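Before any questions on binding or motion, here is one chain by itself as structure tokens, the form predicted on its own.
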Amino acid sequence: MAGPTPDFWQERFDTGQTGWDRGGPSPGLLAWLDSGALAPCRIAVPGCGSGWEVAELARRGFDVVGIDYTAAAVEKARAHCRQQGVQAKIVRADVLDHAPSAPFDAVYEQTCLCALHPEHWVRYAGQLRSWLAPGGRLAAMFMQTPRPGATEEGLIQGPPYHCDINAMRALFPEAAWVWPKPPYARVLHPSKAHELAVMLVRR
């Protein structure tokens, strides 16, 4: 498998190298929740990490399934939900192979796509579409972290990998997804990069 492995991420958790972790739910997610753009439904959180967003969604009445293939992440997410006194299902699985028991109404995609080597993006995008019922929403935070080696020499650098918005439009084409009109909200990230918050609808 190209790119980071479960062992790579396990080591990051074991050694505290989790610079992507805000220590709380994403302000982008909170904005969608507070505005009503995301309302309680059956929702998946792939690459759920420490479970901040999983717990917040559960607290607000969502039927949440968090997914991660790293043992440390699954343990932390489950522990965080227990501490918060909320119910959520945390599944240890590879998002590239996972088949949910029933379709989701929404998927919150924050740090999973940018953590996957771009070689796997087409397969992952197909997975997300297959998980969603028609009309389901993909609430995506597309990581913007261009690097000189990538923009000037064509190197594939990450994680996190840069999710160029034009590449995202090719990955999630209009034939399969309804795109909102830009500009898109910028969500600052602890890594000093930022994300673009885009709510897609599955056709």
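Just count from 1 along the sequence shown to find any residue number. Just so we're clear, the structure is a prediction, and the values are computed from it rather than from any experiment.
One more form of this protein, predicted together with a small molecule, exists but is not displayed; see below.
- Checked against the small molecule in the predicted complex, the candidates F172, F62, Y69, Y161 yield a single residue with a heavy atom inside 4.5 Å, and that residue is Y69.
- Though the small molecule is absent from this view, in the predicted complex it lies within 4.5 Å of a heavy atom of just one residue from C81, I90, V95, A125, which is V95.
- Proximity of A140 to the small molecule in the predicted complex falls outside the 4.5 Å heavy atom cutoff.
- The small molecule is not drawn, but in the predicted complex it has no heavy atom within 4.5 Å of G28.
- None of the heavy atoms of G136 is located within 4.5 Å of the small molecule in the predicted complex.
- The small molecule in the predicted complex is approached by A115, whose closest heavy atom lies within 4.5 angstroms of it.
- Relative to the small molecule in the predicted complex, residues W20, A73 and T111 are all within 4.5 Å by at least one heavy atom.
- Here the chain stands by itself, but in the predicted complex one stretch of 41-49, 149-157, 173-181, 28-36, 41-49, has heavy atoms within 4.5 Å of the small molecule.
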